[in-house]
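Next up is one chain by itself, shown in structure tokens, the form predicted alone.
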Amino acid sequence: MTRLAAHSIDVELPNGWDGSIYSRNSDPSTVAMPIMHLATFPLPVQRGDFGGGAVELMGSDDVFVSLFEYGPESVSQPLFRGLGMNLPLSPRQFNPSGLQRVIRGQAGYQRFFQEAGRAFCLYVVIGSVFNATRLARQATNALSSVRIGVPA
């Protein structure tokens, strides 16, 4: 297993998974917030925060995960009142209409939550709704090692 750690987020990648934790800031007047991407396939260098440019490369046995942090002002918002990622993921949580952009055969799941005083969106895409049971289990396995701490 490979361990990734940055921005007070760490994860043990399952064998065969690719991943990164980084921050992107297109507006110099704001603080760059962390983003974690995990996938069962090689992640392209150029990709959007919620997987644009990556999910198009997925096969029916693949999983893509985005953990996107919002600013500290979001923690008090009703959207983020849920605590934690709420694992394990259920195959019933995945829906083709849950995608940022519909891609035939794929299904998505999105959860807004807070942890360690931080606001996040967890966005998971599976390559095939027909493989939802197995792919939800794989996503849960990868996400179960994620640890979110208070930023330094």
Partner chain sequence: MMALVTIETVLIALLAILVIGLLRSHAEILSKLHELGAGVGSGDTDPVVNVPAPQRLDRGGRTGASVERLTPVDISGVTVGGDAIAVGVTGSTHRTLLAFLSSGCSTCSGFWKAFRLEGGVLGGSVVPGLGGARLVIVTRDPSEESITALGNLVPSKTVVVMSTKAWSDYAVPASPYFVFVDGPSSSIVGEGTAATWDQVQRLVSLSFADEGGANGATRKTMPGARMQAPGDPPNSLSGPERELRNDMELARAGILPGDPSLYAKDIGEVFPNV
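Predicted, not measured: the structure shown is a model, and the values here were computed from it. Residue numbers count along the first chain shown, from 1.
Omitted here: the form predicted together with the partner chain. The next part is about that form.
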| item | value |
| --- | --- |
| Any non-hydrogen atom of Leu83 within 4.5 angstroms of the partner chain in the predicted complex | no |
| Contact test in the predicted complex: Ser23 vs the partner chain, heavy atoms, 4.5 Å | yes |
| Contact flag, Ser97 vs the partner chain in the predicted complex, heavy atom cut 4.5 Å | no |
| The partner chain contact at Leu13 in the predicted complex, heavy atom, 4.5 Å | yes |
| Contact assignment for the partner chain in the predicted complex, among Ile103, Ala32, Leu43, Ala116, heavy atom within 4.5 Å | Leu43 |
| Among 43-51, 105-113, 118-126, 88-96, the region lying within 4.5 Å of the partner chain in the predicted complex by heavy atom distance | 43-51 |
| In the predicted complex: members of 1-17 within 4.5 Å of the partner chain, any heavy atom | Thr2, Arg3, Leu4, Ala5, Ala6, Leu13, Pro14, Asn15, Gly16, Trp17 |
